[in-house]
Each structure stands twice: as C-alpha cells, then as structure tokens.
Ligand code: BES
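Consider the single chain below, provided in structure tokens and representing the form predicted on its own.
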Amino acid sequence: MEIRCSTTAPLDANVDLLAIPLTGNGDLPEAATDLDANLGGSLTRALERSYLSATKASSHRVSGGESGPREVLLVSLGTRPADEAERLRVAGATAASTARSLKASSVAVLAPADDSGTAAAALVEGFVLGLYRYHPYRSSTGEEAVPPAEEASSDTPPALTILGDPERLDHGIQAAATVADATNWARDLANTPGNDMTPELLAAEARELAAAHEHLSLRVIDRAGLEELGAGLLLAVGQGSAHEPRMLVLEWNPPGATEADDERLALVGKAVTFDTGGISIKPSAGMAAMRLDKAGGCAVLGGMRAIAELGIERRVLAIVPAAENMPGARAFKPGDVFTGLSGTTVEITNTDAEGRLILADAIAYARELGCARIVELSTLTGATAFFFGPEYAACIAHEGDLQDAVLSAARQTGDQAWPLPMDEAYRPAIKSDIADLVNSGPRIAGALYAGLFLQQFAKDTPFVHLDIAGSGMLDKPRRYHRDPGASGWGVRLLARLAASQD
C-alpha cells in the first residue's frame, strides 16, 4: 500500500478520512484548530459532549466540510494499556477499520506535534495490521475463490498519508510499514489451511522469499538430506504423513556485516503444518485451529523478510523445521525411541508433544552451524495459553544478556513476553528409563518441562524459548488484530532483536 508523509495542514487534507489521535490530555491538537473552525466547532463540541471515553480507546466520526477531508475521526487513546505506543497502534487500527467501513480510498492521520518518529511509526504499524483480513476462500455466487497464493483480501488498501514533518518521520513510518507488511505475510502463511500449506508448499514460499532478496539464501533439506544429517526426531514426526518433512535453512548475509559463523544470531521456528496429535490424537473440538501450529515457523520467515527488507547489517540464520503430524500406518508411536541430530535419544511418551521434537533437531543444527545465540518460537503448550492467554508469550531462558535483549525487544514492539525460569530442578521429570529423555513431562508446569527439554539441545549456547501458544493463535479479535487466527506474534520482535544485537 502507498504510505507517505506530508506537511499538509489538516484543513487542506483532500482525503476521504482524516484521523486525529487525541494524545496527552485528550484535547484537540493545535494543528486541527483551523479545521475545527471551518467545521463550525463540531470537533470541539464532540469533545465537550463526552462522545469519547477518557479511559479506554474510543472514536467519534464527524462529517467534513465542502473542502478538505470528507470525514474526520477523533480517536481517544484512553489510558489502557499503559504503554503509549501500544495505544497508538490501536488508534491506527481504529482508523483502518473506519476506512474499511467507509470504503475510503485515501486516509490521513495527524501525527502528534512533538513526535520524533516513534508515535507516527506506531500509528502506521497499527493501521497496516488493522487492515488485515484473511478470507481468500470466500467466493461470490458462480465465482471461484481466490487461490491461497493471492493476497489475503482482494480489497485495494487505501493510500495513507501521515501529516507531519517528513524529515523527522518518513524513515520511521516506512520501516514500520515494512515490518507490519512482513507480519501480515506471516499471518497469511500461518492462516492457510493444512491442505494448501504442507511442508513442501511452505518450502516453496520460503524459496520465493529468498529469490526476492539478493543477500538472502535458502537451503531446503528434504527427507534424504535429513536422514544424512541424522535428524531422527524431525523424521519421526513426519513419517505418518504423505507429505514428507522439510528443514528450511535461510541465511541473511548482507555485504556490510562482519559476523563470523560463531557470532550469528539463529532464529528457529516450529512449523507443524497441521497437527492431529498423531496416535495420541487430539479431541475433534478445536482441531481445525491446528493449521496455526506453524505460526512460530511462519513468524521466523516473516522476521527474515523484515530483516532483509530493512537491510539490517547483521548476519542472521533461520531454521524452520516443517512436518505434518498424522496418525497414519507409519506414524510414530508412544513407546518408540528415536535418535536426534545431536545424538540424544528420546522416548516418545506422547505423540502430541511433537513440536519440541522437530525443534530439538533444528536447535541442534543451529548449534552445529556455530551460532552464538539461539532464539526459538513455537506454539508449544496449552499450559502457556491457559496461563497467559493472548496477552503474553512465555519467555523461558536462563537469565543473561540474550534474555534481556529479547524482553527489551518485546517491550518496544508490542510482541509482549514474560520471563519464566529455566531451572534444572525440573530435569528429573524429563528423564527416561530407557533413553536419554522423554518428550513429555507432567501436565503441571508443562511449559517449563518443554522449555527445559529444548534447552538440552542448545547445551551451552545462549538460548531463549518463546512459547506463543496463546499470543500467536487468537480465538477472537484483540486490539489491532481485528480477525481471529494468526497474530503474526514475533515478526516485529525478531526484526528489532536482529537490529539491536551487537
């Protein structure tokens, strides 16, 4: 979509919709006073009559005049959540929803007068994320549905203008739009049903991504290659499906970067393209949502797209293990023992704890490739979703610089995360009587057992596990995510993390 910055005054903005966020104490911005006078004081009257809430996000629309904006939207930021950038994202999404309802082709948003760039960036981010809808399979009578490879919506997005100083704001708003677009692309991938996004089809999407960026390369490791690597855990999960597993290995090597292999950041994401639970089959209620069990891997792909398009001058490796977990005749079974890429043996006690198995081989491979730090994302445990809901991801790690950097990126981007312990006291519960480990511990503290299981494969490499089972898969709209389904959680965080790592 077209996004630009302009010094045009609100009174002169020739657009279908002008949105005015009410920052600070909620008064009308000084830049809008001429517009208010031209509209006979209708904006001031709307504030005086308390059409907007002072404590929660709300909006009120006023008709425009004979010239300038056709409609004006006053947007109160409220006081919740506490973070102002998050409130501005909601304001941007509110403007996007109103633009959709009006079928507006042009929208302007007034940036705060004292903005150094962060507020305008948050508004743009919220606007782009708030426009997102996923319904490519809907069809009109007698017409075929839009193929899944096409855009998630056939609607033409409105042109967006941020009213403010281009010298201060333009770079930030373009970067925000880039990351938000990458987030929406990751949401498309995750939302796509399992029949149209198998491991091989996900690999095809990654291939297109790499082909579009000069310094982004891709290796797709197929079943034969995985056998050669000894990735027995990933192979075990995928062996019950007609669609063979893949491991996607992307490398971002920009010309200005200086990191050696052993200084790179590695991003690892779980992509179970559909999860039935395998032999330990899930209940039928809610199983359709398991198309979203690839959300972590899709977020890693989206993160790499954002990193490449922003031109971040740091070498980054991404590994996405992809498999379909099916209860076929060749499916792995409880009681089976498999050897992973690291040489560690794992006894299967629950085939529905498959995500940690494919991640174990990916984490071990990142370590084998010499990466200095590993950050992993996965829709891993119901325990995390039950505890945090959609608000936070669980950040399970040893305390240290990498955990601090991840949590800092979480605070800055709105991909919120909360720290939980990586404590060896839980280790006895994942020991096996016949192998090195079991793949599933007790239900109590299940998220912690899963994190500790994965840490065994990172060994002494700094490692952060982000469980996005609640935050990555939404069962209803939330803030600037106006549709249920994939939220794209993690794309913004990974881009910020890559930019901030020294």
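Computed from a predicted model, the values in this text were never measured in an experiment. Residue indices: 1-based, along the sequence shown.
Keep in mind that the form predicted together with the ligand is not shown, yet the notes after this line are about it.
Exactly one of the stretches 268-276, 128-136, 365-373, 114-122 approaches the ligand in the predicted bound form with heavy atoms within 4.5 Å, and it is 268-276.
The shortest heavy atom separation between residue 354 and the ligand in the predicted bound form is within 4.5 Å. Among heavy atoms of residue 469, some come within 4.5 Å of the ligand in the predicted bound form. Contact annotation for residue 183: none of its heavy atoms lies within 4.5 Å of the ligand in the predicted bound form. Of the heavy atoms in residue 382, some are within 4.5 Å of the ligand in the predicted bound form. None of 221, 290, 405, 201 but one reaches within 4.5 angstroms of the ligand in the predicted bound form through a heavy atom, and that residue is 290.
Between the options 473, 452, 458, 43, the residue in contact with the ligand in the predicted bound form by a heavy atom within 4.5 angstroms is 473.
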